[in-house]
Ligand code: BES
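The chain below stands alone and is given in structure tokens; this is the form predicted on its own.
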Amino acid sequence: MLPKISITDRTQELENLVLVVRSLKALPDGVFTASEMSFIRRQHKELKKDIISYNRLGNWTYVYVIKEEKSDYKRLEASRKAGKKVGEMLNSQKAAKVVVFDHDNHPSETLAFAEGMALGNYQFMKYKADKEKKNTLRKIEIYSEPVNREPGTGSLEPGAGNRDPGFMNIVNDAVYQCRDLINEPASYLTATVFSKEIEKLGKECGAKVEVMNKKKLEVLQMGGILGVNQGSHEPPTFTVMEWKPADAVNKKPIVFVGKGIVFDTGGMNLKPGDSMLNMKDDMSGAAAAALAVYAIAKAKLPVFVVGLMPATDNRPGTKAIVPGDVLKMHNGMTVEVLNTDAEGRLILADALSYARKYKPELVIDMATLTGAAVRAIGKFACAGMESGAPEELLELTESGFKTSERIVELPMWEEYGELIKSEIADLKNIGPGDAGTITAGKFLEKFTDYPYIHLDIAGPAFLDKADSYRGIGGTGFGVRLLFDYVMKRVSSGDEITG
């Protein structure tokens, strides 16, 4: 269960308490005895601990000493990870509530600490019989004079005077729901069910949702989606999620496109061994696109955004496409399929082509697209490429550092396009092996005619081992990134033109 973060103007002696300070000298007088302070100093100075816990019998008190980092981004991320650690300790004590006391007036680090605690509390328990292991933490209260003095400022509050840090709660909720979708097995989350889940999200946040079925995709001649779906016993879907408030600052939308392969066997180029184990995560991009729109709509941000989520599974059925087949795409181009396990770019190509109808200001796609991205960058960032959007990618990269959903830029040089030329069709769906992440991005670029950013999130989208507050399984990578990017655009006060 997602803990609710709220602002409080009081603390009680018998509550579980976290004191966030830059130095032990800043600890408030009267909270600790002389012997307790001696213990705390020894833990911090001699044992180099940044988190010191103290059992006060009726409650636990924790001291978090903010790490000395020159970079704001590193300091905030360290605070999130510290929040995750303290959250684990509180859950081990079956605690339901904690007060995080910003005694030293460092609201940004304190809020990051609470954010990490909340995000780190996530569990996917739907299929667990033993509910006793469920985390108990439900409330996180923040006592901070800077936040109390200026309610409704920054990205903390949905409205002036509202002392609930609503935006943080909204985004955390979106991340939780994104993780839930990613962690669902394919036995439940078919393309049809995925679209129904997005319809539910639309009703909850006020966004308009349209689901296009197989017949509609045939009318639209979306040969990429239909081709990948040929081996499946489940029909494909294409879901459009739109948030267009009356006070939107942009006339042309920002479009998020997400890859929605609900399970990837590799098709006729069947994945070997363990390579298929976590392929339920191959719809992480579509989940992140949908939940980013959800969070923006729930926060009622005055920006026009659209989410495009093509969805199907990729299976080696009796009618499955085989290497050498040629598909005609939505934009009329033809693609020679050399590897059926390079299927994500085929469904994304149709979606990117469809995005042209909006005459978008910017399109950002997210996809668990290539193993090459994982090998190059690992789980610590995604690979990013741009076409006609250098300033936008720079701004998005800044949001990546702020949220620690980082982007490593790769080139999109024209020479890479030569590697995907086909002898019998306009394009082939895979290059010779070298620069696989880039040639995949270059393939997708062929279906765009607008400012475009491609994010290959294959590394950080799903984890086999916990990475602090990101946990095991689906991480929800991309939701916080895109929300911060849009929030920054809105907060700047500049009209988004185009």
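In this text, all values refer to a predicted model and were calculated from it rather than measured experimentally. Numbering starts at 1 and follows the sequence shown.
Omitted from view is the form predicted in complex with this ligand, to which the following refers.
Partner contact for Thr368 in the model of the complex: this ligand, 4.5 angstroms, heavy atom: Flag for Thr368 set to yes.
Lys271 within 4.5 Å of this ligand in the model of the complex, heavy atoms: Yes - in the model of the complex, heavy atoms of Lys271 and this ligand come within 4.5 Å of each other.
Heavy atom of Ile430 within 4.5 Å of this ligand in the model of the complex: Looking in the model of the complex, residue contacts with this ligand include Ile430, since a heavy atom lies within 4.5 Å.
is_contact(Ile453, this ligand) in the model of the complex, heavy atom dist at most 4.5 Å: Flag for Ile453 set to no.
One stretch from 404-412, 192-200, 340-348, 315-323 that, in the model of the complex, holds residues within 4.5 Å of this ligand by heavy atom: In the other structure, the partner sits against 340-348.
Selected contact from Ala458, Ile438, Leu444, Ile66, since only one has a non-hydrogen atom within 4.5 angstroms of this ligand in the model of the complex: Here the answer is residue option Ala458.
Residue among Val374, Leu419, Val99, Val147 with a heavy atom within 4.5 Å of this ligand in the model of the complex: After the contact test, the surviving option is Val374.
Within 255-271, the residues that have a heavy atom no more than 4.5 Å from this ligand in the model of the complex: Residues within 4.5 Å: Lys259, Asp264, Lys271.
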